[in-house]
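Two forms, one chain: they're shown below as structure tokens, one block per form, named structure 1 and structure 2.
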Structure 1
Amino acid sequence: MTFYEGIITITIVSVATMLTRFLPFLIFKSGKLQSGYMNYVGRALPPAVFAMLVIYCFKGMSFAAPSGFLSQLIATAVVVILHLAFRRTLLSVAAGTAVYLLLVNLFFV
């Protein structure tokens, strides 16, 4: 890829990314009354995305050896406990990720 092709590619990707980020705010202005369906989607979509992520994380779990499932279960327990205690999604997910990475890299090699 030449220099100019790279610049064109970066420009197109940047514009497409910005368009997908800003377009919903332009279409659904905060002053307008939204439909019941859009309010439902706004409430239901975040938990559905997290449910899909949980299913995706556990779909390849192997019970053949403790190293295949124990680190995932411990990290999941950390996420659940922290979320129930503090109700902070970022704290729960970040701590669960850190615990999982520590377990996988230090204990279940």
Structure 2
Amino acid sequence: MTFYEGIITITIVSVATMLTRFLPFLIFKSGKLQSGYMNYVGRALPPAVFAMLVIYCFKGMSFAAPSGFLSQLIATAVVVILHLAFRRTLLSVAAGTAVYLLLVNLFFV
């Protein structure tokens, strides 16, 4: 991607993000949602999208050799266990990333 393509991509992401924030203020007069359908999609999308994003993060995993997936698997397990135990986002993310950094840089080079 060239410099200008990067600028265009950032602009698109920025404008699209603004769109999701300004749209309701532009089209709805009050905070009472008229359509149960919108409510339903709005409730369903976030969990589905974050499941997709997790898959997106793991898309490059390869099962041909242990180095292709073991670090990610172990570090993800650390994140899940810590988060279920303490439910502190910072702790889970920091510890998981630290474990991953150690694994990929020291053990699975």
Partner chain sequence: MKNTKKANKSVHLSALKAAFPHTVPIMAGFLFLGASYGVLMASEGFSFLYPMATSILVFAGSMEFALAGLLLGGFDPLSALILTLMINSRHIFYGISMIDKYKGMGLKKIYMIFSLCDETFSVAYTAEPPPTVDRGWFTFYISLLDHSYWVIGATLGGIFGSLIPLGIVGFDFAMTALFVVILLEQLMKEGNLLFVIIGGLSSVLALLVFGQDSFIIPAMLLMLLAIVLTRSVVDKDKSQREEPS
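One-based numbering along structure 1's sequence throughout. What you see is a predicted model; the values in this text were computed from it and never measured. So that the term is clear: the rigid core is the largest set of C-alpha atoms that superpose within 1.5 Å between two forms.
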Structure number of the form predicted alone: 1
Rigid core superposed: A51 CA moves 2 Å or more between the two structures: yes
Displaced residue check between the two structures: V80, CA, 2 Å or over, core reference: no
Core-aligned C-alpha movement of G42 between the two structures, 2 Å or more: yes
Core-fitted comparison between the two structures - CA shift at I12, Å: 16.6
